[in-house]
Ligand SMILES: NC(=O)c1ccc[n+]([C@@H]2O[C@H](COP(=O)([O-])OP(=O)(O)OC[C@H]3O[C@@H](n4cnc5c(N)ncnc54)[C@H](OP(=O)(O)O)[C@@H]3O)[C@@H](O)[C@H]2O)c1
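Below you will find one chain, with nothing else, as C-alpha cells; this is the form predicted on its own, and questions on how it binds or moves follow later.
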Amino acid sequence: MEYRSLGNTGLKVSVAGLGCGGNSRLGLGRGASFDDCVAVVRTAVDLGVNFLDTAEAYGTEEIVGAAVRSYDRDRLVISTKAIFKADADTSETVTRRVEAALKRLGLDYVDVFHFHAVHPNAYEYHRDVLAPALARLKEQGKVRHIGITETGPRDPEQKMLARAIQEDPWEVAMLAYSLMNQGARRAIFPVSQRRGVGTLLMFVVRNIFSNASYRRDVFAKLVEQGQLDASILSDGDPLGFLVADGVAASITDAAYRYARHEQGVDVVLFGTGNKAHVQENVDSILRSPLPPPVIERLHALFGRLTGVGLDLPGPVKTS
C-alpha cells in the first residue's frame, strides 16, 4: 500500500480508501450478513487500507465499528457523515448526530466528520450556522477534522465545493471525479492543493465503466445532445482504447488508475461487498499511471463534459 498526507490534516492515509456506501454498502445491498460485511472491511484493512468512509445514511457505521475493534485504532483513519437540512437543523442537532454516530461506531472520536451532500443553496447555512458546532466538537476531541461532501448528481458543476475549498473551516472535501467527469481537474484541485484541503474521490467507478450496455446508451445520448462527435461510436465501445494493446486490464482498472494519479488527489474511494473485489480494486489503484498519450486522449475527448457518470445508487436501466 502507498500512503500520503491528507491535505494539511497531518493524517497519513492509504491512497485506496474503502467507501462503505454506494450500491454495495459492504454487501448489505445484496443481503449479505453482518459478519460477511465485517469481513469485507477487515479484508481491506489487512491489505493496508487505513481510510474507511461510512455515513449515517449508509447504515454501515455499526459494521465499520465492529470491524475496527480488531485493530490498533491509531492505525486507522475513520470518516463518517450526516445529512442536515438548512433552516431546520441546528447546532444542537449536529452535536446529537455526531454523538449518535460515535455510539454506533463504538468510538471515542472520528478522524473526519463531514456534512454530507451539501447543495449549493444550503452551503451558507452549513458554514455559518452548523459548522461552529463541529468546531466545538473538535475542541472536545470528538471530531479531529471537519469535512464537507458535495452532491455530485445535484451539483454537477461543483458550485458548492468551489466555494467551500476557499473558506474555513473545511479541512477535507469529498468530490466526484472520473475520466468522464473531469471538472475538478480545473476547478478544484489547483485550489485544494494551494490551501492544503484533503481530497477524497467518489464516483470514480460507476455503471458507465462496468456495464457495457448502459455505457452504449450514455454515449449515444451524448452524441444525440451534441456533446460528443458521432465518430466516437464508429469503432464499437467508445472506451475500448483503454484496454487495447494491454493498456489496462479492464475499463474499470483504467478508471481507477486515471483518477488515482491525478495531481491533487489524496484518496480514491472504492466500494464493494465482495472480498475478492477488494483485492482487485486495490491492485488497480496501486498500478502505474496510464500512458501519457492515453491521458491526453481522455482529456481531449471528455475534458469538457459535465456530470457524466454521476448516477445515484440503484438499479440501472438500459434500452
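Residue positions are given as counts along the sequence shown, with the first one as 1. Every value quoted in this text rests on a predicted model; they were computed, and no experiment measured them.
There is also a form predicted in complex with this ligand; it is not shown, and the following applies to it.
Do residue 202 and this ligand come within 4.5 Å of each other in the predicted complex, heavy atoms counted? Yes - in the predicted complex, heavy atoms of residue 202 and this ligand come within 4.5 Å of each other.
Applying a 4.5 Å heavy atom distance criterion, does residue 111 contact this ligand in the predicted complex? Judged by the heavy-atom cut-off of 4.5 Å, residue 111 is well away from this ligand in the predicted complex.
Residue-level contact is defined here as any heavy atom of the residue lying within 4.5 Å of this ligand in the predicted complex; does residue 213 satisfy this criterion? Taking the distances in the predicted complex, the answer for residue 213 is no, it never comes within 4.5 Å of this ligand.
Examine residue 149 and determine whether its closest non-hydrogen atom to this ligand in the predicted complex is within 4.5 angstroms. Heavy-atom contact with this ligand at 4.5 Å: present for residue 149.
Using a 4.5 Å heavy atom cut-off, indicate which stretch of 276-284, 259-267, 63-71, 41-49 touches this ligand in the predicted complex. The contacting stretch here is 276-284.
Among 127, 144, 104, 116, which has at least one heavy atom within 4.5 Å of this ligand in the predicted complex? None of the other options qualify; the answer is 116.
Can you work out whether this ligand is within 4.5 angstroms of a heavy atom in all three of 21, 174 and 206 in the predicted complex? The answer is yes: all three residues contact the partner (heavy atom, 4.5 Å cut-off).
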